[in-house]
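Quick setup: one chain, the form predicted alone, written in structure tokens, and binding and motion questions come after.
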């Protein structure tokens, strides 16, 4: 069964909050509490959790550890997936620093750049390789996901190289839309659009 994209997003958000709850010593949580953390409704939370086959809500709420494990079984690959960051400028470095170690089943194991001062260095805990070795490194390390943070004028060329190298999932942080074959999953995050959306609602307050 393939879950709807928005359901996958919410499950990821729930797990992040549940992990924080666990760190704080909280062992159980009610649906309305989880909903409140995500500006959601308790009905939506219960629907999402039932959708993945977990219904063990007790009088004291969901078991936090159990729910984390169930969501992990749905979202994570059994053997884990290897990830590369393409473009290790300010944004690429920030993305790498943020993601490294956050999830045991998603491992950033390589970065790529054209800047010779960065190549062969370990940056944010990950070795940087020249882009002209991308296909070799991707294949040798079984990398299946790439995060693209290159300048807009090189995004299309880099994407074509990634597809040729066998990348199956792309996260686009550039300012241009990318074109990929149907078999490659693409998620595009446009920070300018997101900021403009925030700005619109700031200038047009909701009643």
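Residue numbers count along the first chain shown, from 1. The structure presented is a predicted model; accordingly, all values stated were derived computationally and were not measured.
Unshown form predicted together with the DNA; subsequent notes refer to it.
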Of these, 38, 60, 65, 26, which has a heavy atom no more than 4.5 Å from the DNA in the model of the complex? 60
Counting non-hydrogen atoms within 4.5 angstroms of the DNA in the model of the complex, say which of 140, 50, 156, 168 makes the cut. 50
Are any of the heavy atoms in residue 54 no more than 4.5 Å from a heavy atom of the DNA in the model of the complex? yes
At the 4.5 Å heavy atom threshold, is residue 44 in contact with the DNA in the model of the complex? yes
Is it the case that residue 31, even though its partner is missing from this view, gets within 4.5 Å of the DNA in the model of the complex, heavy atoms only? yes
Looking in the model of the complex, any heavy atom of residue 203 within 4.5 Å of the DNA? no
